[in-house]
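As a starting point, one isolated chain is supplied in structure tokens, in the form predicted on its own.
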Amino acid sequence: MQFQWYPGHMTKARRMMQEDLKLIDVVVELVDARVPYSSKNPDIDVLANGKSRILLLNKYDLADPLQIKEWVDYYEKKGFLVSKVNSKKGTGIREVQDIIRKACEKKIERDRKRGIINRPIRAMIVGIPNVGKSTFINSFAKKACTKTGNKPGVTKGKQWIRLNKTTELLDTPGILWPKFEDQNVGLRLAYIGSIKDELFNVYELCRLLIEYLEKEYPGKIADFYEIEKSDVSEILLERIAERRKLIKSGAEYDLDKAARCLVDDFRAGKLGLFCLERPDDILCQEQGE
């Protein structure tokens, strides 16, 4: 399954982000805790070079907790301030304010020595599509936030969100990067819904997802649907179709609907807590092994 796409609006969004970074003190990047590597945009590392960096593992309530611990360690070793958040429920959101201040301690001290006191920290929120960025901002800002209006040097019409007297947020459009060098990255992003389903065959995507889950988390699918276990994707889909009464005319199982059902249930976290990639595998890739 090939993933090669880069909508034109993302090129524009990338240019805007590059300009906005000149006004930013810290970059807060959200990744999906189920795919902490694949959902992290490598372009941000280039664009935000020299800026303080925070990485938030969003939707951690859907991820394998043992793997999450390893991912936190992996990114902390790379110099990120890392935290787990559940934007929908608001878990971990309150701590983000303290993390932002910690990331900007040196900058705040430099300002103080120059006589600049109480200047708000400016934080840019970035993340790929469907990583939960808007939900995070809504949860983080709550009802107390106010829009502070246009800032000099910012694209006309862009609005900043003032959280309080000490922090302002700048939202950015969700962008992917021009090319997936590793097609498995595109595949994992498709699993979590960061790539539009219209761009690939959901049935084939589901079969690949089943293969991974049955290898790394055997029996989880069968347990959820209360069906007989199997490591053959088509048999599992037939049993799901039977269980959910997904039947086409002619009394045939509707495997496409069963595949759609399984993918949706996975994305909603109903099948269990999973990570679709492991730090050890990424380290091996980085070391060329």
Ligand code: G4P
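Numbering starts at 1 and follows the sequence shown. As the structure is a prediction and not an experimental result, all values here were calculated from the model.
Below, we turn to the form predicted together with the ligand, even though it does not appear here.
Annotated contact segment (heavy atom within 4.5 Å of the ligand in the predicted complex): 87 to 95, selected among 201 to 209, 67 to 75, 87 to 95, 104 to 112. Scanning Ala241, Leu62, Cys261, Val27 against the ligand in the predicted complex with a 4.5 Å heavy atom cut-off leaves one residue, Leu62. Highlighted residues Asn58, Ile128 and Lys133: every one comes within 4.5 Å of the ligand in the predicted complex, counting any heavy atom.
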